[in-house]
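Read the single chain below, which is given as structure tokens and is the form predicted alone.
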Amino acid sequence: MTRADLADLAPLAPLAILAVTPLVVTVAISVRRHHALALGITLAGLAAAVAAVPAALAAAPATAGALVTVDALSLSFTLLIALGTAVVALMSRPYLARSERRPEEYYVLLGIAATGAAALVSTEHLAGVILAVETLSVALFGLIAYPRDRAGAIEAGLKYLIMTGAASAVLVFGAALLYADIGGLTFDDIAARASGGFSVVGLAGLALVIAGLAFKLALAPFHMWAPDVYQGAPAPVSALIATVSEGAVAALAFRMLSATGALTEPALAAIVAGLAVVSMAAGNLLALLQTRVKRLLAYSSVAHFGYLLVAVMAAGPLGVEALLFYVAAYFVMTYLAFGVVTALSGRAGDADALDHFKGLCWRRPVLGIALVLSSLSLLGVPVTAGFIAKLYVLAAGASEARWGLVVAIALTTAISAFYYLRLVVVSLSRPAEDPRGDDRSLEAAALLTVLVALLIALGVAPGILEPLATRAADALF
């Protein structure tokens, strides 16, 4: 193989490494079952994928057949996906060591989920979208139901299976209508049709594709079982769904809507704007009623991806920057919150009742500080990543005169103050007896400390991601 051939393959290396990693884990555990070995191979593969991104960016863009398109945008999100999956793997080790006798296959499914998410952001073809969604979904419902001795996990896995089946059916039917109308499934084919105006069949097809993606993002009104899935799934898997899975779908939605020109159609733009507003309102209002932290975070996720749709609708270079920064900040905020839940959880189940967090800042200061900072950042308090993320989205919305959406963000953020500050108050309240006697591992404390540092770093120096965002914007516009 010549040096030119290697250069041509360099952009595909991160995705290829992610795909090979679960295969290597499978072979390794077939020879010897060992938790640390499975985790080590998984982390090594994810680290290799991250290390391959700079060279891939230098050589991008590239394609592999009709289904895979790698550019700066896809590589930026592949980087976030690999780093996010590594965080979930590290969160999972003590969690699985406490509750699972055979945890090795968990890491196989984790690797497959990361591969599906990376494939989802690396395609400009609806057939590629469908294949990637199925790869991601199959791995996720296996991960959700992994604690097979817990009835809640089995129920959550079944509900996710039904949800993702409905999403896939809607997505495939929409793709079929588009193919019937334009005779192609690439984003360029759809864009060519958009320039001359969509037919009724084409509009219906695109609306169904958007609805299928809304299912995967758990946007209102497609969010009904999402809180049940979050509550029943293992805490690290809930974090994976909220970040890697939904972040990948958000990136795909941005690429598809930007590349196809779908939002030039007033009806489709109204649908997306309606999904954004309804998600902001429903997510925040329903979170007010929650006494379970995992359910609260599920409704919070509905609201946050409603905010993110404003960046998707804004498009343009500022929209790309807002999307990338918001997703990166949301990853860190969510991992902090679920990291605390994971650290407090044990064999009996996940610690997500508010009583489990009472006086946490006094009983376990690292966990308490992490939860407080995560809550404040999710609210959007200054000097945190969440504040800058919301500023980016507001700026993106204002740049395109989406004033109704900007006002909706402001009003619903004010509503969210109640339940985020309630978590802060509970954590800072008078110490109560620790209801769980789990080990206080240095591993969890170290991971949460790193995430806190990232949260503050993104809040005070948001320019860290600007070079990556600029490259991603140049790839699209």
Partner chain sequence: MLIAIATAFVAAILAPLLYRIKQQLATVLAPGVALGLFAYFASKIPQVTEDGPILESHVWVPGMNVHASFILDGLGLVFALLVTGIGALIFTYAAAYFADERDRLGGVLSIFLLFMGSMLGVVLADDAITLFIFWELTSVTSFFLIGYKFYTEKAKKSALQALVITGAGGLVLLVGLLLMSHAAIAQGMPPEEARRISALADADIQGHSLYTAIFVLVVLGAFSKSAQMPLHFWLPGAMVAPTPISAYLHSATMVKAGTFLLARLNPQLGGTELWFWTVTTVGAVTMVVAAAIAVFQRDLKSVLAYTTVSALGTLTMLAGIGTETAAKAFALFLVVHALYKAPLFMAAGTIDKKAGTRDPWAIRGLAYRMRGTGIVIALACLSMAGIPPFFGFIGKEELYATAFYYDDLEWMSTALAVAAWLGAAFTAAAALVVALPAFSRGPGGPDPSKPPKEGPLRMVAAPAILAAAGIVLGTLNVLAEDLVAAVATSIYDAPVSVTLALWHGLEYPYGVMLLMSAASLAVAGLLYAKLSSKPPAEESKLGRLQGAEVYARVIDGIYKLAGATARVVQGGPLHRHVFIVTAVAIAAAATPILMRWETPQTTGTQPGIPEIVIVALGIASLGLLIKAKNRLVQTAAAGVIGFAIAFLFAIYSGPDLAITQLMVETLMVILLVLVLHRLPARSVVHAAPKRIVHGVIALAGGALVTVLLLLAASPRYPRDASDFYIAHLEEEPELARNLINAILENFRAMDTLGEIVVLAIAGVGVTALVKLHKLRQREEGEQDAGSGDDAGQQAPREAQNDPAARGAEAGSEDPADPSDPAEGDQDEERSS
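Positions refer to the first chain, counted from 1. Since we're looking at a predicted model, the values are computed, not measured.
The form predicted in complex with its partner chain exists for this protein as well; it is not shown, and the discussion that follows is about that form.
- Relative to its partner chain in the predicted complex, residues 215, 221 and 424 are all within 4.5 Å by at least one heavy atom.
- Looking at 308 to 316, 106 to 114, 120 to 128, 159 to 167, the stretch with residues near its partner chain in the predicted complex, meaning non-hydrogen atoms within 4.5 angstroms, turns out to be 159 to 167.
- Of the heavy atoms in residue 135, none are within 4.5 Å of its partner chain in the predicted complex.
- Contact annotation: residue 335 falls outside 4.5 Å of its partner chain in the predicted complex, judged by heavy atom distances.
- In the predicted complex, its partner chain sits within 4.5 Å of a heavy atom belonging to residue 290.
- Taking non-hydrogen atoms only, residue 227 approaches its partner chain to within 4.5 angstroms in the predicted complex.
- Listed residues 80, 190, 405, 372 were compared with its partner chain in the predicted complex; 372 is the one with a heavy atom within 4.5 Å.
- For the options 146, 392, 95, 357, the one in contact with its partner chain in the predicted complex, meaning a heavy atom within 4.5 Å, is 392.
- Within 4.5 angstroms of its partner chain in the predicted complex, the stretch 193 to 231 places a non-hydrogen atom from each of 193, 198, 199, 200, 201, 203, 204, 207, 208, 215, 221, 222, 223, 224, 227, 228, 231, taken in sequence order.
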